[in-house]
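In the form predicted on its own, a lone chain appears below as structure tokens.
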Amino acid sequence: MTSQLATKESTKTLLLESGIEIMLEKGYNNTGIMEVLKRTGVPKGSFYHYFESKEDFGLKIIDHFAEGHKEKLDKTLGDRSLSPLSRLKGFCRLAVSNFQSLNCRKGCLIGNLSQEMSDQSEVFRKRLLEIQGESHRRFADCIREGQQRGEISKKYNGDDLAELFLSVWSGAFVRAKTAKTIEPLHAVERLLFEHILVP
């Protein structure tokens, strides 16, 4: 029984991760179920054993991706051995390194789908907003801790700085994808860490 459950979970994970790869390349609307099945070798009937519809598949993909993103936040913002400012810099370094390894392609699934789906599906919009809200909370907490330690400016409140950080960082990824260079990300890093966040 345990091996059967493990096999089922591994098949579901395979479908989700393949779906993430295709959606990062093509978006939700241009991702076909048959393409996912062909890539994974999973029968169509098995797909509908795990997911009720393409919409359900898309939402489960978002949740799966969000878990991976949470792990990255735990690794960077959650590293209590480092100062808050160092954690923020570590987050940026990891994101830039990952993006550069993909030749400035794909980007963040949450950001991509937020642009594509927020006007098309209220269900998607609400789920994406929840995930963005959790990221905002993690950044705001880190920034407020930095303010308390005196290494981040207290000129602005932590929530506003977190909003600014995430908004310009997301926008820089759009620019970087279009220009096929990481320079927009480095420009944002310079402004954030050399001017806006410094006390």
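Because the structure is predicted, anything quoted here is derived from the model rather than measured. For every residue, the number given is its place in the sequence shown, counted from 1.
If you look for the form predicted in complex with a further copy of the same chain, you will not find it shown, but the lines that follow are about it.
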property	result
a further copy of the same chain in the predicted complex: contacting segment from 170-178, 62-70, 144-152, 41-49, heavy atom within 4.5 Å	170-178
Contact assignment for a further copy of the same chain in the predicted complex, among 75, 80, 93, 105, heavy atom within 4.5 Å	105
Close approach of residue 160 to a further copy of the same chain in the predicted complex, 4.5 Å, heavy atom	yes
Contact test in the predicted complex: residue 20 vs a further copy of the same chain, heavy atoms, 4.5 Å	no
Touches a further copy of the same chain in the predicted complex: residue 128 (any heavy atom, 4.5 Å)	yes
Close approach of residue 164 to a further copy of the same chain in the predicted complex, 4.5 Å, heavy atom	yes
Sequence-ordered residues of 118-133 touching a further copy of the same chain in the predicted complex, heavy atom within 4.5 Å	118, 119, 120, 125, 128, 129, 132, 133
